[in-house]
Ligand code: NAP
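Below you will find one chain, with nothing else, as structure tokens; this is the form predicted on its own, and questions on how it binds or moves follow later.
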Amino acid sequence: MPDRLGPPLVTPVFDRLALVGLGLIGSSLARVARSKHLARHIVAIDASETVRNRVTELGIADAVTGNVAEGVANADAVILCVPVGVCGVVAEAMRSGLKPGAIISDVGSVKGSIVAQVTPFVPDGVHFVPAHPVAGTEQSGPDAGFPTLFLNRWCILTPPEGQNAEAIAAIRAFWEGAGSMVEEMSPAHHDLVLAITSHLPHLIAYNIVGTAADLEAVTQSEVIKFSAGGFRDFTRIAASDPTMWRDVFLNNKDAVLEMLGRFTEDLSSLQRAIRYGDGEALFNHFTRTRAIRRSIIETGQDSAAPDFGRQPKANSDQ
């Protein structure tokens, strides 16, 4: 796939960009916005003094503050990079500082809940264009960010019906400038798709690693000592931010429970095939699912290069 992260823009998308939350995603946005001139002035807003001090030391923003209402003042765009469960609280706190014509967006991996939380606090004349960059790593904090995090990754926009077309175009241009491929869909459809492609895999990873942790005491460290590639991949996923994933499951529970029900039914079918020695059923299932992996590689979302856990992952889906 071609490298979409081209030269800096001659004219930035936004004059003043405010980022609320400077963890992995927020700090990566600050870095790419600066390196690609997506905004003339970047304001970093975070409740943590430790994070604010580190952002200042890193020099990835032009201004740093802990006051969200003051931080969003005069911003053309405000992107919420906070856990899903607090988006409504942050939207309420910043409401008084927003100027007419400003655009609010976010990076949450659940959209229906965020729309419900934020919409009541969007002032008249302010636009709301929810977004979800399908990119991330298991690392967190302002030091974890890097400007190519979103390169050749999808960013899904879920604008409410009737949303301002210019606001949608501006958010699209921002993410394309960050190197992302952009697609639009409804919040409900997004949450169903992400429940199977992201949320359920994380739930399974947390569960498998938890089961292994219980077994670890019995096997006297052999689970960790003899970990194969599959288990290592699960532990990488299960190392993701627990606050973020707690909020994801609580705020997308209907779609996750629907996908979990389907998964449980399919798992029961595999269990029966193993119990009764149905090799043909197992072979057919494995052949069909192997094709999914090939499709992911063909669409450029991963590499076919061998990796036995020795190389660090630059990007991983959330």
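So that there is no doubt, residue numbering starts at 1 and follows the sequence shown. Only a predicted model underlies this, so the values are computations on that prediction, with no experimental measurement involved.
Beyond the structure shown, there is the form predicted in complex with the named molecule, which is absent from this document and is the topic of what follows.
Across the proposed site, 83, 90 and 135 without exception bring a heavy atom within 4.5 Å of the named molecule in the model of the complex. Although the partner is absent here, residue 176 sits far enough away that none of its heavy atoms falls within 4.5 Å of the named molecule in the model of the complex. Taking the partner from elsewhere, residue 109 is found to have a heavy atom lying within 4.5 Å of the named molecule in the model of the complex. Contact annotation for residue 257: none of its heavy atoms lies within 4.5 Å of the named molecule in the model of the complex. By the criterion of a heavy atom within 4.5 Å, residue 51 is counted among the residues contacting the named molecule in the model of the complex.
Annotated contact segment (heavy atom within 4.5 Å of the named molecule in the model of the complex): 39-47, selected among 285-293, 262-270, 39-47, 249-257. Comment: the named molecule is not present in this chain, but in the model of the complex one of 141, 101, 210, 120 has a heavy atom within 4.5 Å of it, namely 141. The partner is not shown here, but in the model of the complex the stretch 16-31 reaches within 4.5 angstroms of the named molecule through a heavy atom at 20, 21, 22, 23, 24, 25, 26.
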